[in-house]
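Just one chain is shown here, as structure tokens, and it is the form predicted on its own.
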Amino acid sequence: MPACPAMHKWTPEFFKHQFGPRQVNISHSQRMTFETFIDAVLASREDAPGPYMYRLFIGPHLPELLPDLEPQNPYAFPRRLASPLMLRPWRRPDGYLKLLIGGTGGHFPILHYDGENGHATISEIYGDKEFILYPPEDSAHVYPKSGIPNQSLIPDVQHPDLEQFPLFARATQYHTVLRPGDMVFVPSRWWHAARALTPSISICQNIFDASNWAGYVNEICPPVAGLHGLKRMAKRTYLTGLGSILSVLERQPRGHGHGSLTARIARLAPTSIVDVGDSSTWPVDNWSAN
């Protein structure tokens, strides 16, 4: 991360100057211009928390920012999502690269774990951010929502209502503070939430490899009845077989000589940005908003 231009360019003022009049999604239901949003971020205080942007995907929404993230963080590379063997609707060479900007006291609105059984990485670009995690074995203690099992009913894990959520007292909390250049790795199904300690800019990516592939297939291709079930089963069969093939290819030596067998293997089963080349050249139509 220290080598990429974003570490030296990205500040709240940069986004205000670069994208001031552009309308952006701040949340599922709120839109505002970048200028208005950044002004609110900079005016935020602990006793008057600022807004927290968590629904902006850089690939489809701000692709001009992609060169600022080269070279990519090698520990956050999306791996199987970047393989040309991946079915196109789910091929995301950016790993669902998401921009997170928050004002002091602003926080991710829900304690959650990432969908599709994904691992996540959060890399801090600017400012300081508090990060909180709970392990999967504490799932029963964080009160998952009915019908949305990866989201918690607890609105504020820092000040929980233990009369309403008594089991939460049994949950084991892991806590850290991210500063510029820091990254936290969140394994699949680990509950997490974040709060900006200062105006903060960070990016989030998802990773899929052999360790979480079976859960990924189960989540995106659950069995259903009828014609849709047959189509779903075909996709499931393909992805399951693809996982087995990629597991074999990922264990092969990496090689990058033009036309070499190891280079071709690396492109089919990329484990780093080196395997596939400069991600800023990937066509934007490879992305679709999550």
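Being a predicted model, the structure only gives us computed values, none of them experimental. Residue numbers here begin at 1 and follow the sequence given.
Another form exists, predicted together with a small molecule; not displayed. Remarks below refer to it.
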Check your understanding: Of Ala82, Ile122, Val157, Ile125, which residue is found within 4.5 angstroms of the small molecule in the predicted bound form when only non-hydrogen atoms are counted?
Key -> Ile122
Check your understanding: the small molecule isn't shown here, but in the predicted bound form which of Ala194, Leu97, Val217, Val142 has a heavy atom within 4.5 Å of it?
Key -> Ala194
Check your understanding: Though only this chain appears here, would Cys204 touch the small molecule in the predicted bound form if you measure heavy atom gaps against 4.5 Å?
Key -> yes
Exercise for review: May I ask you to state whether Asp114 is within 4.5 Å of the small molecule in the predicted bound form, using heavy atom distances?
Suggested key: yes
Review point. Can any non-hydrogen atom of Tyr52 be found within 4.5 angstroms of the small molecule in the predicted bound form?
Key: yes
Review point. In the predicted bound form, does Phe131 have a heavy atom within 4.5 Å of the small molecule?
Key: yes
Review point. Where, among 160-168, 186-194, 69-77, 134-142, do residues come within 4.5 Å of the small molecule in the predicted bound form by heavy atom distance?
Key: 186-194
